[in-house]
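Only one chain is given next, in structure tokens, and it is the form predicted on its own.
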């Protein structure tokens, strides 16, 4: 296990800066996930930790030792890539043991390590098979096993589940969570899927345009996003956001409608946000806003209604799965839970 620190780390390709002065500490034994849209810099930041990219400026430290100018092998990290990258002509055992054989470890130790990891990952019955005889999930477990047998100081995962179908992604998420609990190892994991981030991470690092937007536990980011970007990136469905203008105790929406929220609105208020579960579907004429149901999604345990509010756009309302008295084309009112509103200034920063 290891503490990984980034101090003023910057990465530029020529005149293009892709990572700008990042400072971050990954605690010993933590499961930290880098999340953000395509091009946010999350994979580049992981590669800087791994030593696969050279930092333009700043320091990378592992357990206090400066490894900025060390190669990947010297950092004693193991990385699992999006591609399984298994040797097709080697068996599962041979794929998992190959790196140890190159390092010239004793044969007995190699066998013991592979057998132990195969037991952890439930690969014992497949050790003599070649990759073509495995499912996608099994191949990914072999790739993870190959990383574990090296007994590194930390594990790095670069979108390891993106090649799997939806059912396998869920299964492998659970397996990786169990693996972290069992090993207690430091792990850094990159994904563009915020559901993966919410379900796996001890801490989430939200990135956009090469800068850290917020670091916190999944629920901290969900309940108190630092800005509009985090608010709308974290959560599925995403947070509803409406543009407003405060006038004393009255809030005026972009379509001209006004609602009295009492002492809620500071003068710098520009947007209000509310999660789908923080708004109530009411009869037409009731509540703070009026709209028309466009789409109803029934997912079993939940029902989502997408309600068009004219020039304000569309908002999503989460309801219990057994709600049946709602249909497309229906006129409805929306009641906001004023105590749960998220307030943002014109620059996107959180006000309360």
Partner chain sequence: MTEREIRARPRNRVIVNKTVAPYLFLAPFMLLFIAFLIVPLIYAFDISLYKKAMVGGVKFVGTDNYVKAFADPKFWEGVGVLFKFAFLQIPVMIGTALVFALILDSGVVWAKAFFRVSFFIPYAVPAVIATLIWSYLYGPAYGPIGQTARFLGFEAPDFVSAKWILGSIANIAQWEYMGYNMIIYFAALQAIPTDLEEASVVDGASAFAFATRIKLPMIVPTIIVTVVFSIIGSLQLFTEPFLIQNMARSIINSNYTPNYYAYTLTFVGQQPNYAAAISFLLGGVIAVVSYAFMLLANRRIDR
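C-alpha atoms forming the largest set that superposes within 1.5 Å between two forms make up the rigid core. No experiment lies behind these values; they were computed from the predicted model shown. Residue numbers count along the first chain shown, from 1.
Form predicted together with the partner chain: not shown, discussed below.
(request) Would you check, heavy atoms only and a 4.5 Å threshold, whether residue 105 touches the partner chain in the predicted complex? (result) Yes.
(message) When the contact criterion is heavy atoms within 4.5 Å, does residue 284 count as touching the partner chain in the predicted complex?
(response) Output for residue 284 is no: heavy atoms all beyond 4.5 Å of the partner chain.
(request) Look up in the predicted complex whether residue 93 has a non-hydrogen atom within 4.5 angstroms of the partner chain, and give yes or no. (result) Flag for residue 93 set to no.
(request) Answer for residue 255 alone: is it within 4.5 Å of the partner chain in the predicted complex, judged on heavy atom distances? (result) The answer is no: residue 255 has no heavy atom within 4.5 Å of the partner chain.
(message) Quick check for you: of 106-114, 183-191, 222-230, 120-128, which stretch puts a non-hydrogen atom within 4.5 Å of the partner chain in the predicted complex?
(response) Heavy atoms within 4.5 Å of the partner chain in the predicted complex occur in 106-114.
(message) Please tell me which of 271, 150, 173, 238 lies within 4.5 Å of the partner chain in the predicted complex, judged by heavy atoms.
(response) Partner contact (heavy atom, 4.5 Å) among the options: 150.
(message) Considering non-hydrogen atoms and a 4.5 Å limit, which listed residue (217, 162, 250, 76) is close to the partner chain in the predicted complex?
(response) By the 4.5 Å criterion, the partner-contacting residue is 76.
(message) Heavy atom within 4.5 Å of the partner chain in the predicted complex: which residues of 20-56 meet that condition, in order?
(response) Going through 20-56 in order - heavy atoms within 4.5 Å of the partner chain in the predicted complex - the hits are 51, 52, 53, 54.
(message) Would residue 187 count as moving between this form and the one not shown, using a Cα shift of 2 angstroms or more after superposing the core as the test?
(response) It does not, since the residue 187 C-alpha is displaced less than 2 Å between this form and the one not shown after the core fit.
(message) When the rigid core is used for the superposition, does residue 101 move between this form and the one not shown (threshold: C-alpha shift of 2 Å or more)?
(response) True for residue 101: a C-alpha shift of 2 Å or more.
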